[in-house]
Every structure is written in C-alpha cells, then in structure tokens.
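As structure tokens, one chain now follows by itself in the form predicted on its own.
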Amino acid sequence: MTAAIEADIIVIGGGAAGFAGALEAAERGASVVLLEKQPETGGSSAMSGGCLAFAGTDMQRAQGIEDTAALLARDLRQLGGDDADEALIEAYAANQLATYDWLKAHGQLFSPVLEASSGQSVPRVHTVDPADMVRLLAARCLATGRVQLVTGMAGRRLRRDSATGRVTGVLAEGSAGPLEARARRGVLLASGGFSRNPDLVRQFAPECEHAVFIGGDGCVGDGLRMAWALGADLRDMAQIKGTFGKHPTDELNNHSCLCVYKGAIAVNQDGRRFVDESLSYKLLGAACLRQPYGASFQILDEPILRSGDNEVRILDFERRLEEGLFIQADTIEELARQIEVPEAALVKTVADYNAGVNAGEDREFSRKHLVHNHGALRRIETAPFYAYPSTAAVYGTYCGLRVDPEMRVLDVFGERIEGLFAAGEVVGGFHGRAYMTGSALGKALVFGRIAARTAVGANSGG
C-alpha cells in the first residue's frame, strides 16, 4: 500500500540547495516536506571544500578588499564563455550578497581568512565547515515547525496533472515502502548531480574515464532523469570536466590541495609544463587528463608551501605534508629522480619558468598571475623542493537541467514545466566551460532560495 503525504512544497534532496530552499519557503509561511534518499543528510555539499563565492561582504571590506557584484559577474562571464547563461549569472550576482547576510543572520560562521582561487580577480573565497553548514540549515528548518524531513526515501517519478501538465508531486520509495508526496505549489529538485553514475558519466563525459570520481553516494542523477522524462532540456552536458589537484592515492581527503594557485607549476611525466596554471582548475583538470597516464606533478618550493592556509581545505598544505603526500628533496635534480621524470627536463622547466618570472612574462604559456587576474608570479628557487602527484577528480558534474532565472525548469521547447523547480548541482547553464571556486556551493544556496521564493509565490494554477 502506498502512503501519502502533502505539503505546499516538496523538496527532493537534503544538501545545501534543498535545505536552503526548504528554509526560505518555511520562512515565507509555506509547509515543506523534504525527501532525502540517504539515511543521513548532507550529500555532496557536506563533502565539499566549504568554499563560497561572495562579493561585497563586510569581511572583504574589513580586510580592504574591493569587490562588487559586477566584478563577480564579469569573472563568471570570462570563465563560462558563450556557454554560460547570462541570465543565471545575473541572478547569482544579484542575490549572492543577500544570501551571505542571510547565512550570517542564521548563525553561520566563516573562516577569518579570505583567499583568491580559481576564476577570481580578488580574494572572495568565504570558507565554512560544509557539514556544519548543512546541519545548521537543517536545524533552522526543523525549528520553523513547517519542514518535515523524511530520510531513506528516494524520488522515483514526478507526478503530473493529466489535464494541465502541471507537476503535482513525486512518487518515492524507501525501506518503509512507497510514498506519494503531493505538492500544492511545486516540487523543488535539489538532488545533486550524477558523479556516482558510471553509465551517465560514460554517456556525457567519456574523456573523464581516467578521472577520480567523488561525490555524495546518492548522486546518481535521479532528479535529472525524473525531469528528463517530462521533456526537460539540458545544459552544459559537454562541459563535464575533472578538477585538477587530486592526489591519485589519497583516500583521507576528499579535497586535496590545489596549490598551483599559490605559485606552483604543473609538469607531466616528461618533466615539462603543459598548461597555464592560473586557469580554472576545471580547465586544468581537462589538460591533465590529456597527459600520459592522466597524471602530473605540482612542483613548488618551501616559501610556496608555507604560503598555504590551514583554514582552507584546498590550501591546507601542511596537513598533506604531515600525511606524507608531498615528495620532498633538497635539489630539483633529486626531486626529479624521486618522481621518476627526466632530470635535465625538470631542471630546464624550472629554470625557464623562473627566467620568465624575472622577465615579467611566462614565455611558454603566457601565465601572468597566480590565479585568474590575481597575484604576482613567484620563482621556484628555495630548498627544500616539493612535488605533489596530481590528477583530476570529478567532484561534481557542473551541468544539468535548463532553468530560467527564477529556477523554473524549462522543456526542450523553452517552455516552463509548471510546478517544477530546480537548484544546486542538478542545474545546468550557470558554469559554462569553466568554474569559479565557491560558485557550486554558492549556487546551491542562492538558487535554492530563489526557487523557493518562486514556488511559494506561485499559486496552484501556476
């Protein structure tokens, strides 16, 4: 027998996007049922590096960092190119500062250190403990008395009114049996990507065959396929790329350091550079996978290693050093022998790079900054020297359903699928060809809140 439940909004997925949407809807007076497939909430959000891309914050002003929504939007456009949806970029830029303030008002704490990372012209990485953030949002949801959380319940198919075509709920299934969740105002898909679904990855990203796949165990594309079955359009499916900087044998850290942004260079098995290391690490990941064995080494010296930040997971070099993940030597020649690349080639690569830094121009790849448009290049010259084995990891699929700026899901003809909304990793079109650090977790929160506002404002007739 199928059990039934009803609320104004049905949310599918208990990560950052789902809880942000549920809390926003509840604060606007709506009743919410949130379905999470796993026994515990958090998903990929809780496993992330905890980076959020915000611009114009009080933290930035206090540290003398000049940043604006317009500069953030410009950086996102430069990264995403023509594949990024301008309307989604504008929606993010216009709503991100209010979301930062909303998080703070709910008691969210941020690391005091701001960093510049992939795709950023100024330091705008605001770091949180991601698992704690999701738990905070979940607690705030439950405290409203308007949100009911059901774990161990996976969405299987969307329900649609046969006369109007409007989405009216979802059929779900769990250990307790089948459940029909009925939505008076709409269904919000916040179910994540599909990094844990080899068949979908093979279909859309065969070039990532040698990448390491990381993500929430429930990220198999449930929400994507449910909407797809109703004719939903897809965006950025050709833009799935691995993120550069994952140690190929490290099983302790979901997010290993991405130290090229502090001044390291990346070399392949031949001891040669193969890319401008200031690019988005999504593009670096694609370049790495084209190298022999899909692997490389980040080469750096003592000052670069010490410039890391233990408060930021992706820059926590010291912990990786303590865990034995760095290879260390007193000379470049010795380092080359340890990582088994040609000594003469690595010595020449480092010397040529240092000469370019001295001349103010990287002659080989025209690298001008540490990351994007920020930071002066640094010579690699002070022993000891370090190598960090690096490959690409697919942390998220960065693609998915086509939505409008109000997070309403659109079909293949560009028309709304009434009653259906989406937020977080299941949404495509925002990132385009590259990726800014903090924009994935950021869009989960920002777009989750936008979707909830739209859904709550929509009456039963759409």
Partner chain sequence: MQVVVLLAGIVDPKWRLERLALRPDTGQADETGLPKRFSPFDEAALETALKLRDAEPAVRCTAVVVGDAASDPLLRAVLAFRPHRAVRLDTSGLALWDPLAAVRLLGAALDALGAQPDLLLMGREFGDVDDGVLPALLAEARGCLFFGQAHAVTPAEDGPLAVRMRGPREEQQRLPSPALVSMTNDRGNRLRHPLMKNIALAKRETLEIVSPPPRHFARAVEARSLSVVPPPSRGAGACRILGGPLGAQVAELADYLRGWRGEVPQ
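None of the values given here were measured: they were computed from a predicted structure. Residue numbers count along the first chain shown, from 1.
Below, we turn to the form predicted together with its partner chain, even though it does not appear here.
Comparing 91-99, 242-250, 78-86, 152-160 against its partner chain in the predicted complex, the single stretch with non-hydrogen atoms within 4.5 angstroms of it is 242-250. Contact here is defined as any heavy atom lying within 4.5 Å of its partner chain in the predicted complex, and by that definition not a single one of V267, D316 and Q328 is a contact residue. Of the listed positions (D199, E207, E322, E180), a single one reaches within 4.5 angstroms of its partner chain by any non-hydrogen atom in the predicted complex, namely E322. Residue in contact with its partner chain in the predicted complex (any heavy atom within 4.5 Å), chosen from N310, Q338, T164, S307: Q338. Its partner chain in the predicted complex comes within 4.5 Å of a heavy atom belonging to A295.
Contact annotation: E66 falls outside 4.5 Å of its partner chain in the predicted complex, judged by heavy atom distances. At least one heavy atom of E40 is located within 4.5 Å of its partner chain in the predicted complex.
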